[in-house]
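Single chain ahead, by itself, as structure tokens, in the form predicted on its own.
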Amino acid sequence: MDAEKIEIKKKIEEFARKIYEEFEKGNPSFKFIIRGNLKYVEYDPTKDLIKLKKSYGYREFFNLGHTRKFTQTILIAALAKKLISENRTASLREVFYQLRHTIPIINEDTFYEQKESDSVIEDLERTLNIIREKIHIKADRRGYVYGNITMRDRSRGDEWNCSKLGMGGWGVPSTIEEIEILDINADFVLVVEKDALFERLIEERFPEKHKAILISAKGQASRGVRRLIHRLRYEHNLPVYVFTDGDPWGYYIYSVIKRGSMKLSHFSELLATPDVKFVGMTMDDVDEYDLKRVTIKLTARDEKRIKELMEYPWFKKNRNWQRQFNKMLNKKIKIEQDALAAKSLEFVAEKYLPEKLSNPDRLLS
């Protein structure tokens, strides 16, 4: 067991020891950081990061309103220690089933549904200040990498190059802490919102022609994908560009990669990459490339979301983003990255991306 795992295991044991000792004194409890919406986060403009405010809550065993979640937290912590000790990992779904049982006499289930255990895992993360992947609890694999990058799984000893795995590339696991990046032959990273565009760029040989590492986020980027982006930028000094749809949902995907999310604001410095640039679809592109005929009309839900984004502190003082939002509202349109196929299948790889990447003035940040 490496030093980091020993330290994490020790932290869980100290958490449990404190609770055990408090049972002898009276009412055992533990403190955790409250998370949630904008009320509990703050924007740090100097680092361009969303951070969690230090607002604390307490769970007390002898408080009837807290007892259930208190005991659920102990169950999760005990399983985490077991997983680390045995060098095994468990998915969020497996954790739910591992710990779900009916308590005799009182006939009470430990967990009724998975969202209960997921919520408690997030509480434990903030209590211990340890991301769940480091306590060997993982989410489903989501996202793919293609390009001339060689990796090794420390736990298994396997090595692979992500350009030699077929057009599908390498599937990014929930945790990449055991993944070593051995060698990279690339000039930049391009994060693509959708699989269809990821595969289009591979088919058009974009990574080889432009020495790029492609990452498919498959929508909102998973923790594993965000952590990998962070590592490629700060451990390997590769510029990162994000290519999404021209709609409020795509713009928020970019924002989460760049600044972090409200839900995971306590781990922004591990997961966010503040100096990524936006190379995706904008309202200016609609005019520049004569794409009006392939735009989509905004829905009431889209308009509501745009207005919410406009009020977020990290967008509110950014004139370039405010101009895009206002232009979208005025035109009442949005545009998908797939719409570039209306020009030709090769247009995105041969004209759109090369032109935007070579012109810094057309990139948003």
Partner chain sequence: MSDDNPKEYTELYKKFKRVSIAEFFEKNRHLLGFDSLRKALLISVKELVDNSLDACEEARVLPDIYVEIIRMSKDVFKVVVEDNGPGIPYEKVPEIYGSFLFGTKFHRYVCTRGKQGIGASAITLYSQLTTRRPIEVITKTPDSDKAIKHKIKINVKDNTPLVEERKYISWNKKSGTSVTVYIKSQYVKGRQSVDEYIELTALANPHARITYINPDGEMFEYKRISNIVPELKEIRPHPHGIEIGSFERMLKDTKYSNIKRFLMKEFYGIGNKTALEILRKAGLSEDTDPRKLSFDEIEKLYEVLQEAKVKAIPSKYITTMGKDNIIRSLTYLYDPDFVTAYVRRPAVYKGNSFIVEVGVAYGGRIDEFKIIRYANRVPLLYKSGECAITNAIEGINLKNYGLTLEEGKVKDPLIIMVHIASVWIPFTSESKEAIAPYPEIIREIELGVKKVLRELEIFLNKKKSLESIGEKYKTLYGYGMELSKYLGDLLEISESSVREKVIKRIREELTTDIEEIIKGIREVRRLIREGKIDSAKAFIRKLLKDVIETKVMSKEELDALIENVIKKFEEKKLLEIEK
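These figures come from a predicted structure and were not determined experimentally. Numbering follows the first chain given and starts at 1.
As for the form predicted together with its partner chain, it is not shown, yet the points below apply to it.
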| property | result |
| --- | --- |
| Candidate spot Leu182, Lys194 and Leu214, all three touching its partner chain in the predicted bound form (heavy atom, 4.5 Å) | no |
| Segment assignment from 40 to 48, 330 to 338, 56 to 64, 315 to 323: heavy atom within 4.5 Å of its partner chain in the predicted bound form | 56 to 64 |
| Leu128: touches its partner chain in the predicted bound form, heavy atom cutoff 4.5 angstroms | no |
| is_contact(Lys81, its partner chain) in the predicted bound form, heavy atom dist at most 4.5 Å | yes |
| Exercise: Asn27 in contact with its partner chain in the predicted bound form, heavy atom 4.5 Å | yes |
| 4.5 angstroms heavy atom contact with its partner chain in the predicted bound form for Arg68 | yes |
| Leu165, Met262, Leu99, Met151 - the one with a heavy atom within 4.5 Å of its partner chain in the predicted bound form | Leu99 |
| Option touching its partner chain, based on a heavy atom within 4.5 Å in the predicted bound form, out of Glu208, Asp287, Glu159, Glu108 | Glu108 |
| Partner contacts in the predicted bound form for 7 to 21 (non-hydrogen atom within 4.5 angstroms of its partner chain) | Ile12, Glu13, Ala16, Arg17, Ile19, Tyr20 |
